[in-house]
Every structure is written in structure tokens, then in C-alpha cells.
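As a starting point, one isolated chain is supplied in C-alpha cells, in the form predicted alone.
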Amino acid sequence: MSRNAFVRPACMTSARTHYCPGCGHGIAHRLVAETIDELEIRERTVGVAAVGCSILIYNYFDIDMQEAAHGRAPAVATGIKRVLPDRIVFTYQGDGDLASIGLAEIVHAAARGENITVVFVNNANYGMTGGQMAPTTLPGQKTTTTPRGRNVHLAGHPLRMAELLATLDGPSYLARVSLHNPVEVARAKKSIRKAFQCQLLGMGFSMVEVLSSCPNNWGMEPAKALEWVEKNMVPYYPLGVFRDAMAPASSREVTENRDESSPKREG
């Protein structure tokens, strides 16, 4: 008897994506789609597409989608959720869209505790426009606009968005995950599911930051790019849960999704 071990999620279309080989967006899309299917919220879900590599996400999800101006996805999602409070509303944003031009929108949506979910893909550069320095580009990392590496004395230090939003009272769930190996992909799925569950329970703002590779702009083979995420991004952007309103009060401090040998979040 034959058995399908791997099938396309019901809420994804059969369209071939435009993403570069080794890009993490395809994996992130699938995790979101599987979550929507498993929670049986497909007919209630509205996605907000941001400007960036994922700008054509509405071609890949068979759900209601709304395009937003650059950086304004949280504001658009806020409007949709307030007008249609029974809908499950999520944004899907990259680091340029969310942490640069959209920084004010994401901070204030989180501060207000808007009952929306944000999937934030951090690949440490502006992927769609040629690999320029982003707010998340690592110190010393070379990009098309920092050919000698990011100089923190000139450009400042990278933004750790999960930690930044964790200083606010509004968020209900904040986590950082990665896609650099199958174990981390499975952990990422759990965090994305929990973020959507927080919205279903009316608990307020939730966000999952997803560390992803960008082989094309980094000038690496896909396998090497995944290694780069693990060796360079994870130490600077530690994985873990930074806020979890669903957890017992005694365990709401930062918790790591890994063993004791893993890098810890800086205090």
C-alpha cells in the first residue's frame, strides 16, 4: 500500500514560487500553511503581504490576502482585525519591511497589544532589492552597501526585534526560531502554531522571528548558507521564547528551545 509522506498543505496553491534556491521563505510559507490547516481556520484567515521578497505571497496561499504599502502591514492588519474581529489576521514581513521603514508600525502595534500575528523573516539583508544592509545585518557582514562589512560606528548595531518588543507590555507571545536544520524547523512550527493560538484565544499581539538564509545575496551555496546561519546569526540572535502569556506565571521569563549548551540571550 502506498502512502503519501509529504503533501502540499490545503491552503497553498500549486504555483511554483519565485524564491531563489536555498531561500527559507518556502519553508516558512509551508509552516504557516500547515498551521492554518491544522487549526482549521482557513476560511477565517486573512494574510497581509508586505513589500520584499515575499511580496507575491498571495500567489502561493489560497486564502484571503491583502497587500500593504512598504512597512505598513501591521497598520493594515490592525484595521482588518478591528473591522472583522472574528478573522484571524497575520502579517508576513522581512527585516527591511518590518525593522526599517515599518519599525514604528510594528512597535506601536505591539505596544497596543493588537490581536494579530506577525511572521517576521530575518535574513540579515534587503533580499529583494539586491542585498543591501538591513537593520539586522550583522557587525562586519558584507553587503552591496557595506562591501567592507557593517561598521557599527557608522551604521549602528543590528536590531534584535524580539528583545526590543519584549520590553513592551502589549505582546502576548514573542519567539525567535531558525530554519537551518530539520530540528529547528520543527521547533519553528511549534512557535508559529502557538502564536496563532494566542490570537485565537484573544490574548493580543504575537510575533515569531524566523532566522533564514539568503544564499544568493550572501554569495554562498545553500548548504553553506545554512551553516552560516547557525555559526553567525544564532549567536547574535539567540533562539528562544521571549514572552509567553500562555505559560505558567513562574516560567514567563525568557526560555530557550534547546539544551544547556546552546547560546543564551544576552541580558
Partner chain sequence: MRQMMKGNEAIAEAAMRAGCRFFFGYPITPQTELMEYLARRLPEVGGTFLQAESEVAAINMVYGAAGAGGRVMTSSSGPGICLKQEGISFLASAELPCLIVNVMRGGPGLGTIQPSQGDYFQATRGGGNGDYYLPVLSPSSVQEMADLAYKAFELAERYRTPVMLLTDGVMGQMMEPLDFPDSPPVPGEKSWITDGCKNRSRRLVKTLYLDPADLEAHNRHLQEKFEQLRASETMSETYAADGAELLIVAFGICARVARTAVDNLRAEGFPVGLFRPISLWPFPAASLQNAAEGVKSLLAVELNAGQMVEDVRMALPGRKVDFYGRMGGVVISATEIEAEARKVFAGGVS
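Positions refer to the first chain, counted from 1. Quick caveat, the model's predicted, so the values are computed rather than measured.
Same protein, other form: the form predicted in complex with its partner chain, not shown, and the subject of what follows.
With the partner absent here, would 80, 84 and 108 each sit within 4.5 Å of its partner chain in the model of the complex, counting heavy atoms only?
Yes, the whole candidate spot contacts its partner chain.
Counting only non-hydrogen atoms, choose the one of 31-39, 44-52, 229-237, 210-218 that falls within 4.5 Å of its partner chain in the model of the complex.
Going by heavy atoms within 4.5 Å, the stretch is 44-52.
Which residue, 76, 99, 179, 138, has a heavy atom that falls within 4.5 Å of its partner chain in the model of the complex?
Spelling it out, the residue with a heavy atom inside the cut-off is 76.
Could you work out which of 198, 63, 225, 241 is the residue within 4.5 angstroms of its partner chain in the model of the complex, going by heavy atoms?
Partner contact (heavy atom, 4.5 Å) among the options: 63.
Using heavy atoms and a 4.5 Å limit, would one call residue 17 a contact residue for its partner chain in the model of the complex?
It does not: once its partner chain is placed as it appears in the model of the complex, residue 17 has no heavy atom within 4.5 Å of it.
Answer yes if any heavy atom of residue 203 is within 4.5 Å of a heavy atom of its partner chain in the model of the complex; otherwise answer no.
Result no; residue 203 lies far from its partner chain in the model of the complex.
Though only this chain appears here, would residue 187 touch its partner chain in the model of the complex if you measure heavy atom gaps against 4.5 Å?
Judged by the heavy-atom cut-off of 4.5 Å, residue 187 is well away from its partner chain in the model of the complex.
Answer for residue 150 alone: is it within 4.5 Å of its partner chain in the model of the complex, judged on heavy atom distances?
Judged by the heavy-atom cut-off of 4.5 Å, residue 150 is well away from its partner chain in the model of the complex.
Could you list which residues of 154-187 come within 4.5 Å of its partner chain in the model of the complex, counting heavy atoms only?
Stretch hits: zero.
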